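The chain below stands alone and is given in structure tokens; this is the form predicted on its own.
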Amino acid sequence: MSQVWARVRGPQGQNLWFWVFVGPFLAGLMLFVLVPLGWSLWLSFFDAHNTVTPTRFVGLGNYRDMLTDPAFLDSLGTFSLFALFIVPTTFALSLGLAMLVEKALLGRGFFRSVFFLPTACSYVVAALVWKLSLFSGVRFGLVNTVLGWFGQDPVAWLSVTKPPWYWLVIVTLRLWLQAGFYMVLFLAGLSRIPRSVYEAAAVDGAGPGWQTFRWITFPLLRSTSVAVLVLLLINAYQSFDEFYNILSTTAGYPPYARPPLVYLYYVALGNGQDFGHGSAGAMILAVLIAVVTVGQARFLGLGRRSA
């Protein structure tokens, strides 16, 4: 018995301590991620109105309904376009901030903290601040007050669709919340570039500024850049909190700028309580994110060594 216990513990108790530290996280992953994912997949093949233990099997019927649902397809199309805009915009802003902070001679730690601080803010709280204070649409809203200083009329940011000013509200909020986090990732990547590379480039005649960035900095940030792009793309399709809290009203969510997760939220948890179609839509969205992410990662070479 003592030999079995010694074998389980491993040399110097390595196996035991491995499971002490990894076990809780593995249990949480199983309980809160894998089990709900498997249950959702199972529900997607059943007529599951108002129940999570359905008995009527419908096969791929829910998937067929979702893939022919104009509202769901419009939501997927809208957020594919949103991803095409927000991913490169956030990438460029984060990289620009990282370059500026990394070059700062004074207050580098202060600016790093200031730009990273929004990451710790709740999306719900930030969305309400944007909606009720900055872009409230009334004359005394902060942005409308600034416009008034220049003789401009107040803008109803969230209650008009032509022009769609609500996108400006959402995009500025998202950039404020996320740019600092990705800036830190780029700062970590910049810190790994040896100074000797820049010195050698200078000796070879490379000028500072754009030339150095184009031929030295950006190529050596390749691994970090690919990881940032993959994370940004996943986050774009998983948008929920800021959209829901900014655009939803007591009458529900408007039919425009509707993230797929918000649509599925109303399908599965709205008046219909249709868990079957909601789960099928969630599976379709998960497959779409996986396909686009894997395709992007392979195209950009995630995991390859930097040149």
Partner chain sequence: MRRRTGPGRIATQVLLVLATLVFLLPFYLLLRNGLARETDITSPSWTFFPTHIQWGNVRELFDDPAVPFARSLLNSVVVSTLQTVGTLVVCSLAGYGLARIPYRHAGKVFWLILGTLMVPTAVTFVPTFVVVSSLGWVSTLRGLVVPLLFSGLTAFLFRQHFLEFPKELEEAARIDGLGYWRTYWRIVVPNSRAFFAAIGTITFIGAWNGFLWPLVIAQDSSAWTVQIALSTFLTAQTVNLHELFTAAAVSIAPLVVLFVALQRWIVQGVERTGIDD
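Positions refer to the first chain, counted from 1. Only a predicted model underlies this, so the values are computations on that prediction, with no experimental measurement involved. By rigid core we mean the largest C-alpha set that fits within 1.5 Å across both forms.
One more form of this protein, predicted together with the partner chain, exists but is not displayed; see below.
| field | Heavy atom of each of Leu60, Leu81 and Ser223 within 4.5 Å of the partner chain in the predicted bound form | value | No, the candidate spot makes no contact with the partner chain.
| request: Please pick, from Ala201, Val155, Leu134, Ala71, the one residue with any non-hydrogen atom lying within 4.5 angstroms of the partner chain in the predicted bound form. | output: Answer to the contact question: Leu134.
| message | Taking any heavy atom pair closer than or equal to 4.5 Å as contact, tell me whether Phe110 reaches the partner chain in the predicted bound form. | response | Yes.
| Does Val101 reach the partner chain in the predicted bound form if we count a contact as any heavy atom within 4.5 Å? | Yes - in the predicted bound form, heavy atoms of Val101 and the partner chain come within 4.5 Å of each other.
| said: If we define contact as a non-hydrogen atom of the residue within 4.5 angstroms of the partner, is Asn15 a contact of the partner chain in the predicted bound form? | reply: Asn15 belongs to the contact set for the partner chain.
| field | Partner contact for Tyr265 in the predicted bound form: the partner chain, 4.5 angstroms, heavy atom | value | Yes.
| request: Select, from the options 84-92, 157-165, 183-191, 71-79, the stretch whose residues sit within 4.5 angstroms of the partner chain in the predicted bound form by heavy atom distance. | output: That would be stretch 183-191.
| Can you name the residues of 14-28 that have a heavy atom within 4.5 Å of the partner chain in the predicted bound form? | Residues within 4.5 Å: Gln14, Asn15, Trp17, Phe18, Trp19, Val20, Phe21, Val22, Pro24, Phe25, Leu26, Gly28.
| task | Tell me, please, whether between the shown form and the other one the C-alpha of Trp39 is shifted by 2 Å or more, with the rigid core used for superposition. | result | The answer is yes; the displacement is at least 2 Å.
| said: Rigid core superposed, CA of Gly295 - does it shift 2 Å or more between the shown form and the other one? | reply: Superposed on the core, Gly295 moves its C-alpha less than 2 Å between the shown form and the other one.
| said: Aligned on the rigid core, do the two forms place the Cα of Gly28 2 Å or more apart, comparing between the shown form and the other one? | reply: Yes; Gly28 is a residue whose C-alpha shifts (by 2 Å or more) between the shown form and the other one when the cores are overlaid.
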